[in-house]
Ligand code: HEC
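Read the single chain below, which is given as structure tokens and is the form predicted on its own.
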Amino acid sequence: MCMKRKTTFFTSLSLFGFSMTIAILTGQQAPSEAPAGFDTPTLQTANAGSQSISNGISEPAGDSFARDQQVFEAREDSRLGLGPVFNATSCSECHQNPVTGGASQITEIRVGHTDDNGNFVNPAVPINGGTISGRSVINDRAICPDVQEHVPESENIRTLRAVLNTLGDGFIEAIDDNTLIGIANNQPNLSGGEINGEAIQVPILEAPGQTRIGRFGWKDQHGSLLSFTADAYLNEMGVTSRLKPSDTTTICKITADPEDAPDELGMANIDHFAQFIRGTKVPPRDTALAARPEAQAGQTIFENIGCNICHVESITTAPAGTMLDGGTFLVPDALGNKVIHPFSDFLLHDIGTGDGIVQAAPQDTAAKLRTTPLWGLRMKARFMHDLTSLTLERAIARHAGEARHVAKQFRGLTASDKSALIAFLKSL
């Protein structure tokens, strides 16, 4: 089984080289590596000048990468639409490790229950004078005591969700749907039928009636960055926008919906959020660690035992000029035809750690979560979707379900081989 996986990996490399040759012979531009770097340090003051460096993306007329970052870091208050219930006062309050746009140690609460048919149902959360319903998130904070949420006793499905990294997500958005579908279709062949990632179609909020393969969020609930940012703006900060125009409650509310109004450039905050994320570089590897013999041996072990079937090492984005997101987003030169190394397939899998929550149908996704991208892994002190695994060894040990055979092979490794695999992971 290991040899089959190893052979398939090298076949994939051969096919990549073959596609490079075809590109050269046909006059097409060969794929190039996406720029990498933790290059978005937090702005000290709004007018101090930015030390950040983008991936080279072209900005809308009058806009700049520094301005996009400034909006991403700007704190909201109730006069600007914060709340009534919320988790954070800015995007960067959660997305900040090691730089603006990264992940963090923060978790959010998700709850629900199942009906008589076993289908997931969102909670109805009682507050003073009303109810908040239609979503699984429970906000930790509120702008007044009357709207503070608490987990109802009726909701026996309860989980924590880690804040995700957004650095490099513009490249993820630029992956063609067929690429992800192809990965999913090939996984049973690579794993003896054990692994079968699920690609789900989700609505594109900015293109009503259009769908796309989901890739953002723990449940792949969004397929575009604009949809993702609008949803987060409402659920994490309580700010409404043109794509999410209604607040969760009107109790204690002092602003009119939608609260996210366009600026003098015609861009709302959600547009700046998406533009900032699209302009970030991918998380870089620690090249010094990666060059060590132990880490290189660990990468071979990672491939041989089948970790890379889900944690896919290399993906090429769609060509520049490709129209995505229901016809609303044209892949720019900075994101198109780029090779990225996310160590993820961005598909949903049941590895025995499913949190029971359904955010985008079908109901079978309750037991599934998106494959965690491993790029930037070395910047984390806690692991898995709930951040309850405090070592990489423990995180690997939690893998079951579709990953049970891979986890079994990990348990069968010698101590030195386990150490090498961990050394490789710590280089990411």
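Start at 1 with the first residue shown and count on from there. Bear in mind that the values here come from a model prediction, so they are computed numbers and not experimental data.
Below, we turn to the form predicted in complex with the named molecule, even though it does not appear here.
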{"query": "Contact assignment for the named molecule in the model of the complex, among 110, 244, 212, 341, heavy atom within 4.5 Å", "finding": "110"}
{"query": "252, 138, 164, 127 - the one with a heavy atom within 4.5 Å of the named molecule in the model of the complex", "finding": "164"}
{"query": "Heavy atom of each of 305, 372 and 403 within 4.5 Å of the named molecule in the model of the complex", "finding": "yes"}
{"query": "Interface stretch in the model of the complex with the named molecule - options 330 to 338, 150 to 158, 272 to 280, 115 to 123, non-hydrogen atom within 4.5 Å", "finding": "272 to 280"}
{"query": "Non-hydrogen atom contact residue 396 with the named molecule in the model of the complex at 4.5 angstroms", "finding": "yes"}
{"query": "In the model of the complex, residue 248 touching the named molecule (heavy atom, 4.5 Å)", "finding": "no"}
{"query": "Exercise: residue 34 in contact with the named molecule in the model of the complex, heavy atom 4.5 Å", "finding": "no"}
{"query": "Partner proximity in the model of the complex: residue 169 to the named molecule, non-hydrogen atom cutoff 4.5 Å", "finding": "yes"}
{"query": "Residues of stretch 377 to 391 in contact with the named molecule in the model of the complex (4.5 Å, non-hydrogen atom)", "finding": "377, 380, 383, 384, 385"}
